[in-house]
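Just one chain follows, in the form predicted on its own, and it is written as structure tokens.
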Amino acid sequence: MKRTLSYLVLLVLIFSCTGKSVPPTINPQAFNKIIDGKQVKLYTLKNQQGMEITVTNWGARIVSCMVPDKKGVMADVVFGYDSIDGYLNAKENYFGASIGRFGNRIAKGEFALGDIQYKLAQNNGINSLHGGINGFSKKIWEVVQKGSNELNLKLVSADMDEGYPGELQVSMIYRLTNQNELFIQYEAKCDKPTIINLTNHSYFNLHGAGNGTILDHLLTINADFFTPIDSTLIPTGEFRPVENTPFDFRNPTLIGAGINSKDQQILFGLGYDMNYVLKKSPDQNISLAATVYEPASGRLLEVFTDQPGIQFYSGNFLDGIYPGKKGKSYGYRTGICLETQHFPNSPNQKNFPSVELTPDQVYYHTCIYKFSVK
């Protein structure tokens, strides 16, 4: 018994010193499936530091993300399932998904471009959420793997797909650098005027996915204002200062510190589910939007983007009914989403940054999730 324990300790030390990752317990064969006549697969990205990410082309979803703690021990810090059937059979929580054509909510599923009114699916109460019933999170993307650290993904969304006008051609890159940065870069063009707001919907827990809540994580958001919501979680159009509110994360603050306050905005969202207006430096296209730090593991996540907003969601609607990877439960407030974006309901709020895309324009969006320890 002592010899076995010594061997296990030695293995941990070897992995810690060499930077080699403990392989995730995800069987790629569990993602091999034909859906709608198209091949679904699992793809793996690795870097020289031992960090490893897996992605499925069903929804262009991040399935796992193995990162070290301050002792060099690897853990999977994103939510997902062990097989494609897990995603198909569970309640849709958008784990790791690429979201489009429009991330977040559009009031009453309606918007206008010029004199034309468009009607979308109302799949979140009276509102449209995350691109509709069959949005990009459920599409099968074409994938080309560029070496061990990059995936190029493409998708063509037909004219009036889920009610959105124009044929939209989307390309996206997942690139893992040797600095433990995951670059997500979007580019899109459309042959008609349309609206667009792409994002990634990964849930993070820096203890490791399924290892407790995120209430002890320290969060910083680089924003002086947020966009308050009504009872259906639609922004009112106001820009409200975070100062003297539970939404002030300008300095590192425990997520759990204000999450149960009686503030009406907290009550509407059952916790945090809020868009923040990011402070942008005029001389920087991509800047730091948010950081998350978990002291016990020492894991630090930094989020960089060129977008005007970020949605902070504290997993208030997670119920843990469907087991995740390794049979772990993803329950109430066990994951945090930090979705770089344009503001929710932007098509119906003229004082929000425009989300319109015309045929002579190209849509760009960069998000960087950078992992380190301290």
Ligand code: BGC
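We number the residues from 1 along the sequence you see. What you see is a predicted model; the values in this text were computed from it and never measured.
This next part talks about the form predicted in complex with the named molecule, which is not shown.
State yes or no: in the predicted bound form, is some non-hydrogen atom of N93 no more than 4.5 angstroms from a non-hydrogen atom of the named molecule? N93: yes, in contact with the named molecule in the predicted bound form.
Given that the partner is absent here, does Y332 sit within 4.5 Å of the named molecule in the predicted bound form, heavy atoms only? Output for Y332 is no: heavy atoms all beyond 4.5 Å of the named molecule.
Would L120 count as a contact of the named molecule in the predicted bound form, using a 4.5 angstroms cut-off between non-hydrogen atoms? It does not: once the named molecule is placed as it appears in the predicted bound form, L120 has no heavy atom within 4.5 Å of it.
Please determine whether E110 contacts the named molecule in the predicted bound form, using a 4.5 Å cut-off between heavy atoms. E110 lies outside the contact set for the named molecule.
Could you spot which one of H217, R299, R101, R105 gets a heavy atom to within 4.5 Å of the named molecule in the predicted bound form? Contact with the named molecule in the predicted bound form is made by R105 alone.
May I ask you to choose, among E181, D273, D161, E294, the residue with a heavy atom within 4.5 Å of the named molecule in the predicted bound form? Selected residue: D273.
Please determine whether each residue of T56, K139 and V156 possesses a non-hydrogen atom within 4.5 angstroms of the named molecule in the predicted bound form. Negative, none of the three is within 4.5 Å.
Pick from 345-353, 60-68, 310-318, 39-47: which stretch has a heavy atom within 4.5 Å of the named molecule in the predicted bound form? Among the listed stretches, the partner-contacting one is 310-318.
Quick one: name the residues from 64-81 with any non-hydrogen atom within 4.5 angstroms of the named molecule in the predicted bound form. Nothing in this stretch is in contact.
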